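Shown next are two forms of a single protein chain, provided one at a time as structure tokens under the names structure 1 and structure 2.
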Structure 1
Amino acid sequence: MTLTVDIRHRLGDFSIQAAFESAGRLTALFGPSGSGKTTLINIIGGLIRPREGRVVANGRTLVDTANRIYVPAYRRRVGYVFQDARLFPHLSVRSNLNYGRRFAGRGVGTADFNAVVALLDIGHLLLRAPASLSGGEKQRVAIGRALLSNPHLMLMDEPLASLDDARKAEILPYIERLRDEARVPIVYVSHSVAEVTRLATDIAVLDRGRLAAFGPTADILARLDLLSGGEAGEGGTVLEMQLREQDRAFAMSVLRSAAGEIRTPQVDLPLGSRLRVRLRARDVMIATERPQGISALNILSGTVDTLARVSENAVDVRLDCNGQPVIARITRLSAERLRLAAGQQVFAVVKTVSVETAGAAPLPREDA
């Protein structure tokens, strides 16, 4: 499955121009508000007709202005989940879920009503009216409704933006299951690094209507220059790790990756679960000798790969920890004092890690 987007469009003063090709299971359109994410996803979904360009999903040309092809939204077979669920107020939850199925019909469908209802845990809501649902429930029903229309492509426009943290935590696992089980590629609009780290396989970064970067999640998040505003400090390294040990006495978990072991407050998942861990660059310190008598638990050893000055006073140090890149943002003063240079053996002291689960499906055990 690939999604090819190459469009140019103008809306009043705002112009958008983006070209990328993604084969990922979940492609995030990422950027601050006003960067054109929603415009772009609406173009893919057929709600905005671009002035020029092409959109091809899974070999199906949806838009090709050069060849005068324009597939209207209702023939695109995209499942669109809007920020504001947009459930039909005059229909029950069950009728909302079934809405798209009537039109998808004609033997092309494979989405199974009961399977989708079970996936999203909405069986107990079927007879209710949308107005009586909580925000999180509405959004789950909206995801189910989109899935049951048998889409070739799922589009999600900040589906969590209007929810509080508890509701977000409630929905995120369902989106992960969708990404891992439903086999429908997803395009996901977001401005949150945490969401994107946890969900995305690929990221297209948009900035004022232009594509600033496109690539696999870990590569994009390691480019700290791409993040701005409130998310500027959120950049860093994404490590794919595996849950190896539970230390019940201290309520900690031990995770392992090529870079080394990391201890985090207990993660309630079975041993062997895959996890994504984000090390913010600002939360990583550098030491030239293995530190003693320090409260930080997580110390990774590695060699300095590159040093990049990012401002008057800050330097990004890129380390190679046993083949796994780790980035630390330190002051230029510290870098001078430590006389850091490429190839030098150092230790990365990680103050905090944020654990973003990446699906509970355990990997095959190495020792099995």
Structure 2
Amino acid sequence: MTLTVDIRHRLGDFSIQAAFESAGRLTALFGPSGSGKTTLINIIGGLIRPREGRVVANGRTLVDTANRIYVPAYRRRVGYVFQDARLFPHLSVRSNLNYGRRFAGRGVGTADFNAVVALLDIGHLLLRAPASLSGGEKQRVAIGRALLSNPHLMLMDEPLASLDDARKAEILPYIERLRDEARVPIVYVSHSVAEVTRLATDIAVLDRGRLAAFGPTADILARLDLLSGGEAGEGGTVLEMQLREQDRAFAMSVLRSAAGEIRTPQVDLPLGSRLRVRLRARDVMIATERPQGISALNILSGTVDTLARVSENAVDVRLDCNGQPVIARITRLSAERLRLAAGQQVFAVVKTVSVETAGAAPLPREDA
């Protein structure tokens, strides 16, 4: 599954220019409002015709202006999920899903219908009207309708933006299952660090119409300079870990990786599951000696790799914890008092309650 994007376009005073190539499992378009995320996803989907460039999905050229190739939206076999579910209010859930099958040609049969219903756990909703569904249920039906069109590419434009936290928590596992099981490349628009940490395999960061950065999720979220506004404090370290123990007496899980051992609020997954965990840089403290008599349970040993001044009062400290990077944002005063320097042995300290379970999710399975 691959996605290649290389486009240049202008809409009035706004111009967009972006080029990247993704493995295609779930590529997040990330950035603040007005950065060009929706414009870019609409170009990929065929709702906007770019002035110049190429879009190739799974080896199929959708746009190539140099060779005068432009596949119209209705022929692209793209499933599109918007912020609002846009279900037909006069049709039942089953009829809404069957509407998607109308665009699949002969490629989707009863078995496929049943598989999608099972994937999204919406079998008990089939006879209900959209008006009787919760926001999360509506979005699951909208995803099912898009899947049943037998798409070659799925586009999701901030599908959780209109949902409250409870409904987001309800639907996130289904998007993960879609990413891992449907075998369809997904482009996912979001401005939420928590969402892209949990879902994305690659992230394209947009800033005022330009591609500021592109790469694997862990690499991008370590670039704290790429985050702004309300998400500025949400960046940091993404660790790939394995669930090794369940401490049910204290409702905690014990995760391990090369970086060390971390306790988190309990994660309800089988032992041995591989997980992705985010440690926000602002939640990581630095100690020059192993702390004693403190409430924080997570202490990782490492050496200082680099120190970077980011403001008048803040420094980003990048640690090497047995080959895995861990980032801490501390004050300049703290850095000077600790006399931090590259190569110094230190300890990263993280409170268990700051390792949010929303920042941990099953990693995408490897391609067969």
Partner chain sequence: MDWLTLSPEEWIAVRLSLKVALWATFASMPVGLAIAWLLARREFWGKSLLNGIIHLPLVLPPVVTGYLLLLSFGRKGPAGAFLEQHFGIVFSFRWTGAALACAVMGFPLMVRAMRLSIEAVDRRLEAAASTLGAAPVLVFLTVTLPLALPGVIAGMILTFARAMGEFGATITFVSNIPGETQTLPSAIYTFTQVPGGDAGAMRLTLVALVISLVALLVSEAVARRASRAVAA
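Structure 1's sequence is the ruler for residue numbers, which start at 1. Each form is matched to the other, and the largest set of C-alpha atoms that superpose within 1.5 Å is called the rigid core. The structure presented is a predicted model; accordingly, all values stated were derived computationally and were not measured.
Q: These are two forms of one chain. I'd like to know which is the form predicted together with the partner chain.
A: Answer 1, the form predicted together with the partner chain.
Q: Indicate whether residue 127 shows a C-alpha shift of 2 Å or more between structures 1 and 2, with the rigid core used for the fit.
A: Superposed on the core, residue 127 moves its C-alpha 2 Å or more between structures 1 and 2.
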